[in-house]
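A single chain comes next, written as structure tokens; it is the form predicted alone.
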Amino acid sequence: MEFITQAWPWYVSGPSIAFILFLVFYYGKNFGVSTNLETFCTIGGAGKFSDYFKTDWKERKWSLFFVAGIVLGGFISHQFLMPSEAIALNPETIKELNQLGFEQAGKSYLPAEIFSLEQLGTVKGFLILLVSGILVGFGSRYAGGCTSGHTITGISSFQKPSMLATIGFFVGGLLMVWFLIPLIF
């Protein structure tokens, strides 16, 4: 049981992801999360407001099982397989995050300084989540997919646009961590 509660080594997780991608490609499907958000918007009636969502969501109903699997897997992992909420972060990183105001750095996956009901009730916390959500949604739509779609599926099928998108994700992440977060917090 200890094997499954620890971080899996690359030689287990990598081939596992490759096997899932093989199944997805074999059945002619696309692996990605942002497509599922489109499906949920379509089911919710977004087609009344935008032609983009006027699609037959039943053609993508397999992806609803994918989303259900993400939720169920996350729940099982959190409830039964995590030995603790602590994250193995470098002590220097924890120190730097503490200096930025993240007092719980390394103690949980989601910093309470961003992801808590108390922060959602503040103007700053609300704006951070709202603007972040808009940028992620716009970026996923503009790039034709999200990080998982481009980085896992796109690169594994040798798509040049996905390689460029992945480079852009990393550059954006570095800019956010080194320049914008210190300005925001």
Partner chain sequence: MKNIRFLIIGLLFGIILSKSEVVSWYRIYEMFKFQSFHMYGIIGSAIFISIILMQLFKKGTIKNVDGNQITVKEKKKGIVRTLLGGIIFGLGWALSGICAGPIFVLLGHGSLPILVVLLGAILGAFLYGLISKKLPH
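Positions refer to the first chain, counted from 1. The term rigid core refers to the maximal set of C-alpha atoms that superpose within 1.5 Å between the two forms. Everything quoted here is computed from the prediction, not taken from an experiment.
FYI, the form predicted in complex with its partner chain isn't displayed, but the following is about it.
- A residue is said to contact a partner when one of its heavy atoms sits within 4.5 Å of a partner heavy atom; residue 134 meets this definition for its partner chain in the predicted complex.
- Contact between residue 157 and its partner chain in the predicted complex is found at the 4.5 Å heavy atom cutoff.
- In the predicted complex, residue 67 approaches its partner chain with a heavy atom inside 4.5 Å.
- Its partner chain in the predicted complex comes within 4.5 Å of a heavy atom belonging to residue 61.
- If you take 128-160 and check each residue for a heavy atom within 4.5 Å of its partner chain in the predicted complex, you get 128, 129, 130, 132, 133, 134, 135, 136, 137, 138, 139, 140, 141, 142, 143, 144, 145, 146, 147, 149, 150, 151, 152, 153, 155, 156, 157, 158, 159, in sequence order.
- After superposing the rigid core, the Cα of residue 62 is displaced by less than 2 Å between the shown form and the other one.
- Annotation for the pair residue 10/residue 89: C-alpha atoms approach each other in the predicted complex, by 3 Å or more compared with this form.
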